[in-house]
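This document starts with one chain, in the form predicted on its own, laid out as C-alpha coordinates.
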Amino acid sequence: MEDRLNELRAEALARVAAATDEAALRAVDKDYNGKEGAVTLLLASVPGLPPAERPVVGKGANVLKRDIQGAIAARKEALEQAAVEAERSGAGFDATLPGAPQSRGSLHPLTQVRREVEAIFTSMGYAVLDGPEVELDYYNFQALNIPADHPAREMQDTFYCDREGRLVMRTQTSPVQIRAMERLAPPFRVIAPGRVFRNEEQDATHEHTFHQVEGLVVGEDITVGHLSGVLKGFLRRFFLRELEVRLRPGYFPFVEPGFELDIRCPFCDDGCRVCKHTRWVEFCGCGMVHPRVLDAGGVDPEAWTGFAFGFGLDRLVMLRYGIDDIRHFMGGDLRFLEQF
(Lines give C-alpha, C1' and ligand atoms only; values in the text may rest on other atoms or scores of the structure.)
Protein backbone atom coordinates (compact mmCIF):
# COMPACT_ATOMS: atom_id res chain seq x y z
CA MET A 1 0.00 0.00 0.00
CA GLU A 2 2.94 2.31 0.62
CA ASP A 3 4.02 1.73 -2.99
CA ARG A 4 0.56 2.83 -4.12
CA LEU A 5 0.86 6.05 -2.13
CA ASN A 6 4.28 6.80 -3.64
CA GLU A 7 2.92 6.04 -7.11
CA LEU A 8 -0.03 8.41 -6.65
CA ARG A 9 2.28 11.10 -5.29
CA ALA A 10 4.61 10.93 -8.27
CA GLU A 11 1.74 10.98 -10.78
CA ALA A 12 -0.06 13.87 -9.16
CA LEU A 13 2.97 16.09 -8.64
CA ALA A 14 4.13 15.46 -12.21
CA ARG A 15 0.73 16.54 -13.56
CA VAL A 16 0.78 19.63 -11.38
CA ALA A 17 4.24 20.59 -12.59
CA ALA A 18 3.16 20.11 -16.22
CA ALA A 19 -0.08 22.14 -15.89
CA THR A 20 -0.10 25.30 -18.01
CA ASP A 21 -3.40 26.80 -16.92
CA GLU A 22 -5.92 26.83 -14.10
CA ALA A 23 -8.22 24.38 -15.88
CA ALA A 24 -5.49 21.71 -15.85
CA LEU A 25 -4.93 22.29 -12.13
CA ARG A 26 -8.65 21.88 -11.44
CA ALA A 27 -8.58 18.59 -13.35
CA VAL A 28 -5.71 17.30 -11.16
CA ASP A 29 -7.56 18.27 -8.00
CA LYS A 30 -10.71 16.49 -9.23
CA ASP A 31 -8.85 13.30 -10.30
CA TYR A 32 -7.12 12.89 -6.93
CA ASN A 33 -9.11 14.78 -4.28
CA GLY A 34 -12.60 14.86 -5.81
CA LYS A 35 -15.50 12.62 -4.79
CA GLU A 36 -14.28 9.86 -7.08
CA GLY A 37 -10.60 10.83 -6.87
CA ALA A 38 -7.82 8.30 -6.34
CA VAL A 39 -6.81 9.63 -2.89
CA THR A 40 -10.44 9.88 -1.79
CA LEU A 41 -11.09 6.27 -2.79
CA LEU A 42 -7.94 5.21 -0.98
CA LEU A 43 -9.17 6.88 2.20
CA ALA A 44 -12.54 5.18 1.78
CA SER A 45 -10.82 1.77 1.66
CA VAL A 46 -9.01 2.24 5.00
CA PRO A 47 -11.77 0.65 7.15
CA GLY A 48 -11.38 -2.59 5.13
CA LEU A 49 -7.64 -2.89 5.67
CA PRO A 50 -5.97 -5.00 8.36
CA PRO A 51 -5.91 -3.09 11.69
CA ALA A 52 -2.12 -2.74 11.61
CA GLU A 53 -2.17 -1.00 8.21
CA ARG A 54 -5.03 1.41 8.83
CA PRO A 55 -3.10 4.13 10.72
CA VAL A 56 -0.21 4.11 8.27
CA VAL A 57 -2.39 4.25 5.14
CA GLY A 58 -4.85 6.78 6.60
CA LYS A 59 -2.08 9.13 7.68
CA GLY A 60 -0.22 8.71 4.40
CA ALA A 61 -3.34 9.40 2.32
CA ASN A 62 -4.17 12.56 4.27
CA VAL A 63 -0.59 13.81 3.95
CA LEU A 64 -0.71 13.09 0.22
CA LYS A 65 -3.98 15.00 -0.12
CA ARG A 66 -2.50 18.06 1.60
CA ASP A 67 0.69 17.84 -0.48
CA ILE A 68 -1.28 17.76 -3.73
CA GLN A 69 -3.40 20.75 -2.63
CA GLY A 70 -0.25 22.66 -1.66
CA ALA A 71 1.43 21.88 -4.97
CA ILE A 72 -1.67 23.02 -6.88
CA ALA A 73 -1.79 26.32 -4.95
CA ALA A 74 1.92 26.97 -5.54
CA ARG A 75 1.63 26.17 -9.26
CA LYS A 76 -1.42 28.42 -9.61
CA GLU A 77 0.46 31.31 -8.01
CA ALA A 78 3.45 30.69 -10.29
CA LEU A 79 1.23 30.71 -13.40
CA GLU A 80 -0.43 33.97 -12.31
CA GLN A 81 2.96 35.59 -11.69
CA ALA A 82 4.21 34.40 -15.07
CA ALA A 83 1.14 35.94 -16.75
CA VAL A 84 1.86 39.25 -15.02
CA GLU A 85 5.49 39.19 -16.10
CA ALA A 86 4.50 38.39 -19.67
CA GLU A 87 2.07 41.30 -19.68
CA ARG A 88 4.75 43.64 -18.37
CA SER A 89 7.34 42.50 -20.87
CA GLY A 90 5.29 43.76 -23.80
CA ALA A 91 6.07 40.65 -25.84
CA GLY A 92 3.76 40.35 -28.82
CA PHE A 93 2.55 43.95 -28.53
CA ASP A 94 2.20 45.76 -31.84
CA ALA A 95 2.55 49.48 -31.26
CA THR A 96 1.26 50.21 -34.78
CA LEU A 97 -2.22 48.78 -34.09
CA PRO A 98 -4.98 51.42 -33.69
CA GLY A 99 -6.33 51.99 -30.20
CA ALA A 100 -9.77 50.93 -29.04
CA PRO A 101 -12.40 53.38 -30.29
CA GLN A 102 -13.93 55.58 -27.60
CA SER A 103 -17.65 56.24 -27.89
CA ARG A 104 -18.59 59.82 -27.14
CA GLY A 105 -21.77 60.41 -25.21
CA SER A 106 -23.84 63.53 -24.64
CA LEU A 107 -26.01 65.06 -21.95
CA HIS A 108 -29.70 64.27 -21.87
CA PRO A 109 -31.74 67.20 -23.26
CA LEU A 110 -33.40 67.62 -19.85
CA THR A 111 -29.97 67.96 -18.23
CA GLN A 112 -28.82 70.44 -20.88
CA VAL A 113 -31.87 72.67 -20.43
CA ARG A 114 -31.83 72.34 -16.63
CA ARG A 115 -28.25 73.63 -16.55
CA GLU A 116 -29.22 76.50 -18.84
CA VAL A 117 -32.17 77.40 -16.59
CA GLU A 118 -29.95 77.29 -13.51
CA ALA A 119 -27.37 79.49 -15.21
CA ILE A 120 -29.99 82.11 -16.11
CA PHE A 121 -31.44 82.27 -12.61
CA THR A 122 -28.10 82.24 -10.81
CA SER A 123 -27.08 85.21 -12.97
CA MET A 124 -30.18 86.94 -11.55
CA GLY A 125 -29.03 86.27 -7.97
CA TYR A 126 -30.94 83.07 -7.27
CA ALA A 127 -29.52 80.14 -5.30
CA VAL A 128 -30.18 76.59 -6.50
CA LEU A 129 -31.64 74.28 -3.85
CA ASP A 130 -32.55 70.60 -3.76
CA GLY A 131 -34.97 68.56 -1.67
CA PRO A 132 -35.88 64.91 -1.00
CA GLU A 133 -37.90 63.06 -3.61
CA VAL A 134 -39.50 60.88 -0.92
CA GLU A 135 -41.18 63.63 1.03
CA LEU A 136 -43.13 63.99 4.27
CA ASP A 137 -46.85 64.62 3.90
CA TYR A 138 -46.33 67.74 6.02
CA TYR A 139 -43.99 69.40 3.52
CA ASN A 140 -45.76 68.13 0.40
CA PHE A 141 -49.29 69.06 1.51
CA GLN A 142 -49.94 70.43 5.00
CA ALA A 143 -47.39 73.25 5.08
CA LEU A 144 -48.43 74.29 1.57
CA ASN A 145 -52.01 74.97 2.67
CA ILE A 146 -53.35 71.85 0.94
CA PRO A 147 -56.12 70.49 3.20
CA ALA A 148 -56.77 66.84 3.96
CA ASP A 149 -59.79 66.68 1.64
CA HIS A 150 -57.94 68.15 -1.36
CA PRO A 151 -58.15 65.90 -4.48
CA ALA A 152 -54.34 65.84 -4.81
CA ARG A 153 -54.18 63.69 -1.69
CA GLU A 154 -56.11 60.85 -3.31
CA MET A 155 -54.09 57.74 -4.17
CA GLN A 156 -55.26 58.18 -7.77
CA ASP A 157 -53.06 61.30 -7.87
CA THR A 158 -50.26 60.60 -5.38
CA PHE A 159 -47.85 57.72 -4.77
CA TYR A 160 -47.92 56.94 -1.04
CA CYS A 161 -44.95 55.12 0.49
CA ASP A 162 -46.49 53.92 3.75
CA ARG A 163 -49.86 52.78 5.07
CA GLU A 164 -50.16 55.75 7.43
CA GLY A 165 -49.86 58.24 4.57
CA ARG A 166 -46.93 60.10 6.13
CA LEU A 167 -44.52 59.55 3.25
CA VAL A 168 -45.19 60.34 -0.40
CA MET A 169 -43.27 60.58 -3.64
CA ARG A 170 -43.29 64.34 -3.96
CA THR A 171 -45.92 65.54 -6.41
CA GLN A 172 -44.24 68.91 -6.94
CA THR A 173 -41.02 70.74 -6.09
CA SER A 174 -43.02 73.19 -3.93
CA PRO A 175 -42.03 71.45 -0.63
CA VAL A 176 -38.61 73.03 -1.11
CA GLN A 177 -40.34 76.39 -0.46
CA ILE A 178 -40.96 75.39 3.16
CA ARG A 179 -37.52 73.88 3.61
CA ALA A 180 -35.94 77.05 2.18
CA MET A 181 -37.87 79.30 4.56
CA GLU A 182 -36.87 77.10 7.50
CA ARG A 183 -33.18 77.32 6.57
CA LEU A 184 -32.75 80.81 5.14
CA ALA A 185 -33.38 84.20 6.67
CA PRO A 186 -35.24 86.68 4.42
CA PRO A 187 -34.64 88.26 2.02
CA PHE A 188 -33.69 85.47 -0.39
CA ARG A 189 -34.23 84.19 -3.92
CA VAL A 190 -34.07 80.48 -4.76
CA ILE A 191 -35.03 77.97 -7.41
CA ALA A 192 -35.46 74.23 -6.89
CA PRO A 193 -35.29 72.02 -10.00
CA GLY A 194 -35.94 68.30 -9.69
CA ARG A 195 -38.00 65.20 -10.39
CA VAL A 196 -41.60 64.84 -9.27
CA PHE A 197 -44.03 61.92 -9.39
CA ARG A 198 -47.75 61.61 -9.99
CA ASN A 199 -50.00 58.62 -10.46
CA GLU A 200 -51.16 59.54 -13.95
CA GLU A 201 -52.03 57.71 -17.13
CA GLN A 202 -49.15 57.94 -19.59
CA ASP A 203 -49.78 59.64 -22.90
CA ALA A 204 -48.11 62.21 -25.14
CA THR A 205 -48.44 64.96 -22.53
CA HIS A 206 -48.51 63.05 -19.21
CA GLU A 207 -45.89 60.91 -17.49
CA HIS A 208 -45.64 59.39 -13.99
CA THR A 209 -42.15 60.91 -13.58
CA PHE A 210 -41.35 64.37 -14.82
CA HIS A 211 -39.37 67.47 -13.88
CA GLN A 212 -40.26 70.85 -12.43
CA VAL A 213 -38.49 74.06 -11.53
CA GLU A 214 -39.79 75.84 -8.44
CA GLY A 215 -38.97 79.47 -7.76
CA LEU A 216 -39.39 81.41 -4.52
CA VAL A 217 -38.61 85.01 -3.62
CA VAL A 218 -39.18 86.40 -0.12
CA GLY A 219 -38.49 90.02 0.72
CA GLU A 220 -40.02 93.36 1.63
CA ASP A 221 -42.77 94.89 -0.48
CA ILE A 222 -42.67 92.15 -3.15
CA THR A 223 -45.45 92.58 -5.72
CA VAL A 224 -46.99 90.88 -8.74
CA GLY A 225 -44.96 93.29 -10.85
CA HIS A 226 -41.75 91.73 -9.56
CA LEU A 227 -43.11 88.27 -10.37
CA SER A 228 -44.06 89.26 -13.91
CA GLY A 229 -40.73 90.99 -14.49
CA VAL A 230 -38.66 87.99 -13.36
CA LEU A 231 -40.56 85.54 -15.56
CA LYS A 232 -40.43 87.88 -18.57
CA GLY A 233 -36.69 88.30 -18.06
CA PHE A 234 -36.16 84.56 -17.84
CA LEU A 235 -38.20 83.84 -20.99
CA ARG A 236 -36.33 86.56 -22.89
CA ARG A 237 -32.98 85.03 -21.94
CA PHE A 238 -34.10 81.47 -22.67
CA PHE A 239 -35.78 81.99 -26.04
CA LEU A 240 -33.44 84.84 -27.06
CA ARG A 241 -36.36 87.00 -28.08
CA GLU A 242 -39.03 89.15 -26.51
CA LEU A 243 -42.17 87.10 -25.84
CA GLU A 244 -45.59 88.46 -25.01
CA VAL A 245 -47.00 87.04 -21.77
CA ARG A 246 -50.33 87.20 -20.01
CA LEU A 247 -51.50 86.42 -16.49
CA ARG A 248 -54.81 84.64 -16.01
CA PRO A 249 -56.42 84.07 -12.60
CA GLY A 250 -55.66 80.57 -11.35
CA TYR A 251 -56.15 78.63 -8.13
CA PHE A 252 -53.23 77.14 -6.24
CA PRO A 253 -53.62 76.61 -2.46
CA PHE A 254 -50.15 77.93 -1.64
CA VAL A 255 -50.46 81.31 -3.38
CA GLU A 256 -52.97 84.17 -3.09
CA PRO A 257 -53.62 85.64 -5.55
CA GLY A 258 -52.71 82.89 -8.00
CA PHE A 259 -52.15 83.08 -11.73
CA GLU A 260 -51.56 81.00 -14.83
CA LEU A 261 -48.85 82.57 -16.96
CA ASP A 262 -49.18 82.02 -20.72
CA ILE A 263 -46.68 82.97 -23.40
CA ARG A 264 -47.36 83.91 -26.98
CA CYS A 265 -46.53 80.84 -29.07
CA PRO A 266 -42.87 81.14 -30.14
CA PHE A 267 -43.47 78.96 -33.22
CA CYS A 268 -46.29 80.68 -35.06
CA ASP A 269 -48.21 83.89 -35.68
CA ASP A 270 -51.60 82.46 -36.62
CA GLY A 271 -51.84 79.23 -34.62
CA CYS A 272 -50.13 75.84 -34.87
CA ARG A 273 -50.14 72.35 -33.42
CA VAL A 274 -47.99 73.39 -30.45
CA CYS A 275 -50.41 76.08 -29.24
CA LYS A 276 -53.46 74.13 -30.43
CA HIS A 277 -54.25 77.04 -32.74
CA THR A 278 -54.89 79.43 -29.82
CA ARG A 279 -51.62 81.39 -30.30
CA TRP A 280 -50.97 80.99 -26.54
CA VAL A 281 -49.02 78.31 -24.67
CA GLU A 282 -49.58 77.68 -20.96
CA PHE A 283 -46.20 78.04 -19.27
CA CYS A 284 -46.48 78.00 -15.48
CA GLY A 285 -48.50 78.54 -12.35
CA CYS A 286 -47.46 81.38 -10.07
CA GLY A 287 -48.64 83.90 -7.52
CA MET A 288 -47.99 85.68 -4.27
CA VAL A 289 -47.03 83.33 -1.45
CA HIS A 290 -50.01 82.65 0.81
CA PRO A 291 -49.59 84.05 4.36
CA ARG A 292 -50.28 80.59 5.80
CA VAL A 293 -47.38 79.17 3.80
CA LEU A 294 -45.06 81.93 5.02
CA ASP A 295 -46.15 81.21 8.57
CA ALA A 296 -45.58 77.45 8.13
CA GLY A 297 -42.04 78.21 6.98
CA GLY A 298 -41.35 80.35 10.04
CA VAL A 299 -41.54 83.67 8.14
CA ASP A 300 -43.62 86.51 9.58
CA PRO A 301 -46.28 87.32 6.93
CA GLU A 302 -46.77 90.76 8.48
CA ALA A 303 -43.14 91.70 7.82
CA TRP A 304 -42.37 89.80 4.61
CA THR A 305 -44.07 89.01 1.32
CA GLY A 306 -43.01 86.92 -1.62
CA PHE A 307 -43.89 85.27 -4.86
CA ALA A 308 -43.53 81.71 -6.14
CA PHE A 309 -43.69 80.05 -9.51
CA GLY A 310 -43.34 76.55 -10.85
CA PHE A 311 -42.98 75.34 -14.41
CA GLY A 312 -42.42 72.00 -16.06
CA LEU A 313 -38.88 71.50 -17.28
CA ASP A 314 -40.10 68.81 -19.67
CA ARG A 315 -42.56 71.25 -21.23
CA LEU A 316 -39.79 73.84 -21.62
CA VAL A 317 -37.61 71.31 -23.47
CA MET A 318 -40.55 70.32 -25.64
CA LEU A 319 -41.13 73.97 -26.52
CA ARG A 320 -37.45 74.54 -27.24
CA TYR A 321 -37.07 71.59 -29.62
CA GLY A 322 -40.62 71.06 -30.87
CA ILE A 323 -40.94 67.61 -29.20
CA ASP A 324 -44.50 66.28 -29.36
CA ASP A 325 -44.38 63.35 -26.89
CA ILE A 326 -43.13 63.61 -23.27
CA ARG A 327 -42.55 59.85 -23.14
CA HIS A 328 -39.44 60.23 -25.31
CA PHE A 329 -37.54 61.63 -22.29
CA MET A 330 -37.88 58.41 -20.27
CA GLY A 331 -37.79 56.01 -23.22
CA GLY A 332 -34.01 55.63 -23.48
CA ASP A 333 -34.16 55.50 -27.30
CA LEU A 334 -30.71 56.50 -28.56
CA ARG A 335 -32.14 57.61 -31.87
CA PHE A 336 -34.01 60.32 -29.97
CA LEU A 337 -31.23 61.21 -27.52
CA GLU A 338 -28.50 61.47 -30.16
CA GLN A 339 -30.31 64.39 -31.76
CA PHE A 340 -29.23 66.60 -28.86
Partner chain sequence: MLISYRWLERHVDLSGVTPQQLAEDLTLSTCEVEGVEAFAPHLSAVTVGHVVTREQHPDADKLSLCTVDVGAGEPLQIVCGAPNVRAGLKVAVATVGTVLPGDFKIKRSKIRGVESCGMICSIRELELGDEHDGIWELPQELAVGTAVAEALGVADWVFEVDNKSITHRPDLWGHRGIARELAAIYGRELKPLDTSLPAHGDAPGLPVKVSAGACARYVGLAVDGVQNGPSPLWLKLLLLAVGQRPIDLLVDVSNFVMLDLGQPNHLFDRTRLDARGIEVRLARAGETITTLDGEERKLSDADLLICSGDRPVALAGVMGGEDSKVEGDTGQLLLECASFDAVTIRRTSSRLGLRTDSSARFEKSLDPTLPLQAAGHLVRTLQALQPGVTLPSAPVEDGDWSDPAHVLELRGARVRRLLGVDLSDERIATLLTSLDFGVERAGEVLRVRVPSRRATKDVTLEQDLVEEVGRLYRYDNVPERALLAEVAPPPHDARRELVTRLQDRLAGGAAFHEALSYSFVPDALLATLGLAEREYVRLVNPVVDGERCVRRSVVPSLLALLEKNRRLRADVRLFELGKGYLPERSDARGLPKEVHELALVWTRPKPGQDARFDAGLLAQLRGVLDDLVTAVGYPAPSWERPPAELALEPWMHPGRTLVGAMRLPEAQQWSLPIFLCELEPGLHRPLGLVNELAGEVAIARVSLDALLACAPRPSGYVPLPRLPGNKVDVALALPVDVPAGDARAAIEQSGKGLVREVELFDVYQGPGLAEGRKSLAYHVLLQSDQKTVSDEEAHKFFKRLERAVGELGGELRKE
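The structure displayed is predicted, hence computed values, not measured ones. Positions refer to the first chain, counted from 1.
Form predicted together with its partner chain: not shown, discussed below.
The contact residue chosen from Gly58, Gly271, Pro291, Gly70 relative to its partner chain in the model of the complex is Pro291, the criterion being a non-hydrogen atom within 4.5 angstroms. In summary, the region of this chain contacting its partner chain in the model of the complex, judged by heavy atoms within 4.5 Å and restricted to 42-50, 304-312, 58-66, 22-30, corresponds to 304-312. Highlighted residues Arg115, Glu207 and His211: every one comes within 4.5 Å of its partner chain in the model of the complex, counting any heavy atom. Using a 4.5 angstroms limit between non-hydrogen atoms, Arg88 is distant from its partner chain in the model of the complex. By the criterion of a heavy atom within 4.5 Å, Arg241 is excluded from the residues contacting its partner chain in the model of the complex.
Using a 4.5 Å cutoff between non-hydrogen atoms, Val224 counts as a contact of its partner chain in the model of the complex. Remark: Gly322 does not count among the residues lining its partner chain in the model of the complex, judged by a heavy atom distance of 4.5 Å or less. In the model of the complex, its partner chain lies within 4.5 angstroms of at least one heavy atom of each of the following residues of 178-197: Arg179, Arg189, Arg195, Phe197, in sequence order.
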